[in-house]
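The data below hold one chain only, encoded as structure tokens and taken in the form predicted alone.
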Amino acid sequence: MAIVDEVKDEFCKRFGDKGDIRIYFAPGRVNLIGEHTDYNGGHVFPCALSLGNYAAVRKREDDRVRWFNMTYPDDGVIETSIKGLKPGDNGLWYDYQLGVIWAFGENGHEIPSGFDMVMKADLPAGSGLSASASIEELCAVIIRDLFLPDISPVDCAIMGQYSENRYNGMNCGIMDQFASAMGKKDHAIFLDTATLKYDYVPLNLRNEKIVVINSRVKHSLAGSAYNDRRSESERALKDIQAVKAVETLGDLSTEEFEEVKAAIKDPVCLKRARHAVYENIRTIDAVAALKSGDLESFGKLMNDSHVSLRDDYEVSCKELDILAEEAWKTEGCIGSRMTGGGFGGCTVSIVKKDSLESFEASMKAAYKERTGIDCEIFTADAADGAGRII
């Protein structure tokens, strides 16, 4: 694999070719349905991608880490100590690495020494395909392999979420890290985020493909607005708890929600809660439809998910709406929706294989005409989770 050779060659140039040099990969993810439900105690249905972050690594004997990212070569070699780390985020890729090292220590897992690393991504950053979780799980699996073999992949996912919440200040749920850590080839993961119980579901797309379209925009409000959506959902839950014993929004059926929604004082919070509850039920229904081979129902639920994310959760944007709307009316598209945190990034669509070429041409032309932007289109394959590959 060319990218593996590139990473190892760069490592040898930067840090020398002696010793035990190991190669790792951690995937990004695409979420088929179940958006902004993970921190609301609901279900999600992501799969790991064959795109992600690669790294060549060698253990050191001191407390230093040295990192070089071929995707951002102008940053040069970043060097620091693994000791005395304190939460903080400069908006740079290595903050996610530092956060994971810090998280292991905070949770009682001492890391005895540092390491040298060269990494490179073939996953576009800021696209809603979870580049940050890929970096986190890359670091987690390196730590696991070099120092902490008794740590499980689920533990790696938990450390990634813990670090992003408490070190980087993004109040994300666990979906992204879980998908990157626990992915399985040709399967999606049906995850109950309240319990971490999960099921691998074969995708069984015999005559269809998963198509990801990168809008190539990312709006600057994404981080703060994501945290706002979480706090709005929590306020809605608190209002509901005044009239009904419930732990999360994901515990409610749609019928139960309709019975108690009047308790939610803020109309904005009501909209956020409605999305969380209905999206959770959509996800459960979508997985059931996929298991029974009813792709048409699965696709309709994807479309409904986008409408809810646009209107009730308000995390879409003009560019994502255009991509979804154009996909809905393009021949061969079974369903399409925004994927990821929102405010830019990607859509995910299920498209019939015999329509792929015309679908791609139509989408590129329509998006360019309506936005002036050239979108990026690729088919996605469900891949295995993070691990050592050499």
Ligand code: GLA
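In this text the structure is predicted, and so the values were computed from the model without any measurement. Throughout, we count residues from 1 along the sequence that is shown.
Heads up, the form predicted in complex with ligand GLA isn't pictured, but that's what we're talking about next.
Peer 1: Quick check for you: of 259 to 267, 75 to 83, 169 to 177, 281 to 289, which stretch puts a non-hydrogen atom within 4.5 Å of ligand GLA in the predicted complex?
Peer 2: Going through the listed ranges, the match is 169 to 177.
Peer 1: Closest heavy atom of residue 335 to ligand GLA in the predicted complex, within 4.5 Å or not?
Peer 2: Contact with ligand GLA, no.
Peer 1: How about residue 34 - does it come within 4.5 Å of ligand GLA in the predicted complex, if we only consider non-hydrogen atoms?
Peer 2: Result yes; residue 34 sits at the interface with ligand GLA in the predicted complex.
Peer 1: Could you confirm whether residue 38 comes within 4.5 Å of ligand GLA in the predicted complex, counting heavy atoms only?
Peer 2: Yes, residue 38 is a contact residue.
Peer 1: Please check if residue 226 has a heavy atom lying within 4.5 Å of any heavy atom of ligand GLA in the predicted complex.
Peer 2: Although ligand GLA is absent here, residue 226 would touch it in the predicted complex, with heavy atoms inside 4.5 Å.
Peer 1: Looking at ligand GLA in the predicted complex, which residues in 312 to 346 have at least one heavy atom within 4.5 Å of it?
Peer 2: Stretch hits, in order: 340, 341.
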